[in-house]
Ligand SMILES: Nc1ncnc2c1ncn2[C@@H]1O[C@H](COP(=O)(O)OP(=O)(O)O)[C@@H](O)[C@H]1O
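Taking the form predicted on its own, here's one chain by itself in structure tokens.
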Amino acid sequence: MDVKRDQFFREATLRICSSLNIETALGNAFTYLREHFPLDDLYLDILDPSLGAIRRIAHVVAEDSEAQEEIVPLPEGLWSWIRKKRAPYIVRNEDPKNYISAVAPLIKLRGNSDLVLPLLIEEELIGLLVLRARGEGRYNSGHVALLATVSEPFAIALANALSYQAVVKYRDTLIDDNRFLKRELLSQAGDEIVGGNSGLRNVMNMVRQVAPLNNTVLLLGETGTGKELIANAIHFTSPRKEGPFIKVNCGAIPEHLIDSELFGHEKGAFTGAVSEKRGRFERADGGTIFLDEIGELPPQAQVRLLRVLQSREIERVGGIRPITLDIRVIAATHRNLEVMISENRFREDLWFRLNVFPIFLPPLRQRKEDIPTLCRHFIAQKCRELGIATPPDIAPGALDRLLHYNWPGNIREMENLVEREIIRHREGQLLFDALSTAGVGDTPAPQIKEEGLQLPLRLDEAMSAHILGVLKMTRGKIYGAGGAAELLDINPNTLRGRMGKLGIKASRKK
């Protein structure tokens, strides 16, 4: 480390300012800094107040190194501690208030040495330059003093990079808005798949494999995991994208109407059939039909669907003429169809026809790396919908609560939570403190107690008792907000059907 400080300042400055692309400039600086410091990895980070976390802007790592997490949520105490730093410092595991030890596993500090240079513009901390070397105790006071000489050029380089990224973001936003308007006009818009390059990477690989083909696809996953978005992606990246995309929620159609809705009917087929009607399958001719909640199909509709999958033909209700169709079928369910087969509630031969290419969508608790991105996406989306010009920031420590929550309602639950939080704290920071009261990792649910039940119960008895308990809570209300269907997370018509089979009669209590 025998180098004149003026020379070191000049050479380091030339390299960090060598390119507008911050990755390239950081790579050039890395090569030079390695001549004067123990150095295996080099990180350029910012303190992102919108997430309450450290977010990486650029990095250079040795070939055999594993990069740190791109987003590291900070406890509130550590956030304040870092923001007060003005001079370079060596990161030590044993800090007096255990701030560093709280995030040490996330930044993979064990067995490494970190030297941090705070980057300030007009006394305002905008980011951090982090030097990392393998082994502990690799940095000393001489390294700290030498690194302090280049704080200004690195801060200016970071500020320029952030400004450049903002310009590029505005340009991309204009391009995206233009594309969005075109898609809306053409009615062919597929929604953005957040996490397509991270938590849903395997799912999107399977989508790319199957989209160009015509075979049936079965989407499996819990409620709220985004099965409809994946169905959109398959259709709009397929050769059928110019054709119709017909969506059907099998659980939302009353059982006595489902044949007519799906397959159409001829004039006079039944009372009220005053004219012929094309069903959903006919409307999907030349395109794709998406059958959501396929497990809710009644038995007679399952038989008809099996014929469609076997021969690509349908017959309207009351008709005698087969109608040939050119369609692709995508089905989805959150139910375990194999269990339903064993209970004689779903046809085994239909299962084999549907299960040609199954795609499983992981629940949000299994793709937590997407939570920060999803949160920012929903904040921006909900602010646009609510007419809020400046999206609120996420409070320090709040992102940690999101990452440690189990998300029983998956992405749909996060979307609703973000909207509620924006309404509650539209002029402050988003705390997500409701998750703390629910308990980290817990799934809050209404508690229903039924007296006098003798265990074990038959399945129908248990289901009947549970439905009656929920109806008692809602005072007989089935539909709408706070109704029994919403509490049970089931379609109201499906609940009505089950109540009929179980002999349950509901009446509203005033």
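Computed from a predicted structure; not experimentally measured. We number the residues from 1 along the sequence you see.
The same protein also exists as the form predicted in complex with the named molecule; that form is not shown, yet it is the one meant from here on.
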Quick check for you: of 114 to 122, 233 to 241, 250 to 258, 406 to 414, which stretch puts a non-hydrogen atom within 4.5 Å of the named molecule in the predicted bound form?
406 to 414
Is there a heavy atom of residue 193 no more than 4.5 Å from a heavy atom of the named molecule in the predicted bound form?
yes
Does the named molecule get within 4.5 angstroms of any non-hydrogen atom of residue 139 in the predicted bound form?
no
Taking the shortest heavy atom distance, is residue 328 within 4.5 Å of the named molecule in the predicted bound form?
no
I'd like to know whether residue 223 contacts the named molecule in the predicted bound form, with contact meaning heavy atoms within 4.5 angstroms.
yes
Of 285, 228, 266, 315, the only residue with a heavy atom within 4.5 Å of the named molecule in the predicted bound form is 228
Quick check on this chain: which one of 435, 200, 422, 161 has a heavy atom within 4.5 Å of the named molecule in the predicted bound form?
200
